[in-house]
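Listed next as structure tokens is one chain, alone, in the form predicted alone.
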């Protein structure tokens, strides 16, 4: 790939060292391209770390347009994790394989379903709820936070942390990317900045931060072995006595503070479902910023500026959609037909 003249040179510069940016970089490295990922803070330090880690392919809250991406991404997940583990030497397991999703029904759970709930979630109080099983996995984002940056480095990718993009200039044959430290010449630039992707210097997309607060409860691992989702709360067992609960949806700008009142409301709701869980004296709680868009769909494709691309706006599904985003973006950037058409996700819709 041709590169313009400048300071440091590479085929692709990616702004954003979260799961989307790192996964795309790994895919491009697999195709033989040189890649530099620039992260303003630490890699995997915002929504990628704070997420629940549900691979919620069939979440009823997801827009229907998202389903083809979700299905393909779930199919790609085994090879995606295998590659990360091979490169990093770190195991990233699926912590659960099934989800109990509440459904709107006047019927109570059937005897067969009640028996299955007693097997996978004997600690659950399902009184007054109707559920169905969804074949969905979940993982602990902390596992990915440790493994994914190492995998990229092992693959020969460059990861530069504590380095923000100051500006991007399109040239006849590529881009010049300005940071606080240097100028980098590249063939292409990709904005994978998550909740920060809407900054004017990155193209001014209509991406806004949506805050989510979460916490960990404790429960014997054998008492809950599946994800449970009901309106207003979800429970994600990690298999080691932790049960992650979440999450709020707050439009409060870039505020990442944790409010005790919000955490207490979530704990109360979780304990109604899992009464034998406990909240430690010092509850582990945190907040992250999801990248939201006006229509709830990600922004994937070529930007209005030549040689520039966007891969952002994944809202609540960044963990789920990382493998498919990497695959489809790499295909599009290299002039191939993507496995799933990206018309519904094009930046031009805004």
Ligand SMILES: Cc1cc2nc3c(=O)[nH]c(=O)nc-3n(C[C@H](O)[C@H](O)[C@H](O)COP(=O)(O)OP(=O)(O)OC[C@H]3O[C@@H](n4cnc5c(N)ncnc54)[C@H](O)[C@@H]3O)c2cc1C
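Here the structure is a predicted model, which means the values were calculated and not measured. Residue numbers count along the first chain shown, from 1.
The form predicted together with the named molecule exists for this protein as well; it is not shown, and the discussion that follows is about that form.
Checking 84-92, 193-201, 269-277, 114-122 against the named molecule in the model of the complex, the stretch whose residues place heavy atoms within 4.5 Å of it is 193-201. No residue in the set 12, 157 and 186 has a non-hydrogen atom no more than 4.5 Å from the named molecule in the model of the complex.
When you look in the model of the complex, the only residue of 26, 319, 324, 308 with a non-hydrogen atom within 4.5 Å of the named molecule is 319. None of the heavy atoms of residue 31 is located within 4.5 Å of the named molecule in the model of the complex. Though the partner is left out of this view, residue 209 does not reach within 4.5 Å of the named molecule in the model of the complex, counting heavy atoms only.
Mapping the unseen interface onto this chain, residue 165 counts among the residues with a heavy atom inside 4.5 Å of the named molecule in the model of the complex.
Taking the partner from the other structure, the named molecule in the model of the complex has a heavy atom within 4.5 Å of a heavy atom of residue 247.
Contacts with the named molecule in the model of the complex, taken as any heavy atom within 4.5 Å, map within 52-87 to 52, 53, 54.
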